[in-house]
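Only one chain is included here, represented as structure tokens and corresponding to the form predicted alone.
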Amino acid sequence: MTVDLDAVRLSTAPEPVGPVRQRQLLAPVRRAWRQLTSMRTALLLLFLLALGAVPGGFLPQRSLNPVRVNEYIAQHPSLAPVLDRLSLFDVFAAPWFAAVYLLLFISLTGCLVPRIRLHARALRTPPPRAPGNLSRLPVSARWETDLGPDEALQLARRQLNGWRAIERGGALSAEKGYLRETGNLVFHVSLVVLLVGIAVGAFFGFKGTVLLKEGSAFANTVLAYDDISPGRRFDAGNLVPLNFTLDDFAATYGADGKARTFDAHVRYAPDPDSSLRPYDIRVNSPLHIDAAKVYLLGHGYAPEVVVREKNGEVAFDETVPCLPQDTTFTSACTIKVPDTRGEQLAFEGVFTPTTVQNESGNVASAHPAAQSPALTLIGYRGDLGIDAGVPSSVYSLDRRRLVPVDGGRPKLLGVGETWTLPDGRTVTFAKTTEWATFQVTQDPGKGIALLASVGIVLGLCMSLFVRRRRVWVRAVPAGGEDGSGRTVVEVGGLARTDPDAFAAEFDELVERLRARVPGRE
């Protein structure tokens, strides 16, 4: 049967898709995959990941300290919305960071799989045959002995204990230093495992922050937190059933105002049925209970304010947390008094721990320690908007339905001093207390990350300090097959890395071989 080629060329039927056509269609995909799984791309993605993590070092992060984030947004009203839109206040949960992270994981995995396969094949492959002329190698030695060739090779093999050695063709091939490539692979595999550990922590971990005033207690439930960052797959039922009470917070400062120590004295119970136990939470000494850790994040002052009605009845008696505004702990606070017999009251205050006042009457703090605390208040009366059911922050005040008290003039109160309002009600600055913020974390990936970190260090040491080298030993009769009884021993070596250090090692090896296989006298 013959085929009319012209008829085939003129046919309007679609060309069949064969293996060649399939390879052409898949060629761009293969090229993209090879580019993604190249070590160059992996290094580039690793650099981008490190570069993307930089903003998390100098910008406050919501997962660590949401209070600082709110302060930053309030201080930078123009720049902060742009940064927030770029997820720079939550870098490690940003979509772009996750994309780089995932691409790096794929790239490293694609790089390592063929390298591991090749290395496993190399481990099973015996050392190469001895070159024809060992004297052409970078280092070599030659001498004659009265021992026979077989005996000389056997003695040489015993001296090469610890080397991968094989005897063939009247020569001994030995190799050492495969752990260098093994260490390199261990390092990169551990890096992938580290990424897995971080991902496990991000998916199944939990972070929550809570502000506690001295004397306040905390129970580990989702509703008790001020801010939470649960993993996408985290189950609230996995929260460790811990509880603790902040009895006292103490901070010490130097004469220059720099902080020296922070110490939160707490009493905790690892479960509801246990009795409370004392513990001091410090900056580098978290409270560890089962799978949870409690870290000390920040602190501030919480003045106790008492508001009384005209008849002396107490309408408000609480400690109010004030948010620090600078390094001297000049702090801003908002006081809301909704439960009164008359109009509702509110106050905007500035707390100064070490109060100084200039000639104009402006107050500031000269030191972060509470050496001469004072509270400056501006009062308001009217409707706080609380009964409308609209959520509002405890740290801000909506003044749209409020009227200033006493003309809006600020009132400076020391500890124990009282301000009598025009309607007869009084406001007293009773005493100074402190508050602290804590972060409770549960990270199921920390064990994986620890194991990966050990592997990274171990693999790096192996790849840096292990040298790849080869040695060949040949023993042949000096006169060929004439039975003269003399044997020529030749030794040659080749270093894959660090040839200078191998030259000294080769000289020591030759000395040991000559001692085992003595030269002819």
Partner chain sequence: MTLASLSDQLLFAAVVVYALAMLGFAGASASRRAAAVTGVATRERVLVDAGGPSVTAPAPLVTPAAGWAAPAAMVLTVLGWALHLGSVVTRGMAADRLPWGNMYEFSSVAALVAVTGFLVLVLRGRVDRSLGAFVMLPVVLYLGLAGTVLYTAVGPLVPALNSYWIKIHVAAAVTASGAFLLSGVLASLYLLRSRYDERTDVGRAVRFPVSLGRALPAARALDRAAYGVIAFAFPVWTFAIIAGGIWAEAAWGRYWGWDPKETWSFITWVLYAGYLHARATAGWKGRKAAWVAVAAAVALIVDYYVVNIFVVGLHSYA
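These numbers were taken from a predicted model, which means no experiment stands behind them. Numbering follows the first chain given and starts at 1. Here the rigid core means the biggest group of C-alpha atoms that line up within 1.5 Å when the two forms are laid on top of each other.
Below, we refer to the form predicted in complex with the partner chain, which is not included among the displayed structures.
- The stretch among 256 to 264, 225 to 233, 335 to 343, 135 to 143 whose residues place heavy atoms within 4.5 Å of the partner chain in the predicted complex is 256 to 264.
- Taking a 4.5 Å heavy atom cutoff to the partner chain in the predicted complex, the contact residue among Pro373, Pro368, Pro127, Gly197 is Gly197.
- For the options Pro324, Pro286, Gly177, Gly205, the residue carrying a heavy atom within 4.5 angstroms of the partner chain in the predicted complex is Pro286.
- For the three marked residues, Leu123, Gly183 and Val489, no heavy atom of any sits within 4.5 Å of the partner chain in the predicted complex.
- Heavy atoms of Ala478 never reach within 4.5 Å of the partner chain in the predicted complex, leaving it off the interface.
- Using a 4.5 angstroms threshold between heavy atoms, Ala42 counts as touching the partner chain in the predicted complex.
- Among residues of the shown chain, Gly57 is one whose heavy atoms approach the partner chain to within 4.5 Å in the predicted complex.
- Although the partner is absent here, Arg68 is a contact residue: one of its heavy atoms lies within 4.5 angstroms of the partner chain in the predicted complex.
- Within 4.5 angstroms of the partner chain in the predicted complex, the stretch 185 to 207 places a non-hydrogen atom from each of Phe187, His188, Leu191, Gly197, Ile198, taken in sequence order.
- For Leu64, a C-alpha deviation of 2 angstroms or more is recorded between this form and the one not shown after rigid-core alignment.
- Put the two forms on the same core and the Cα of Ser38 is off by 2 Å or more between this form and the one not shown.
- The rigid-core alignment places the CA of Gly459 less than 2 Å apart between this form and the one not shown.
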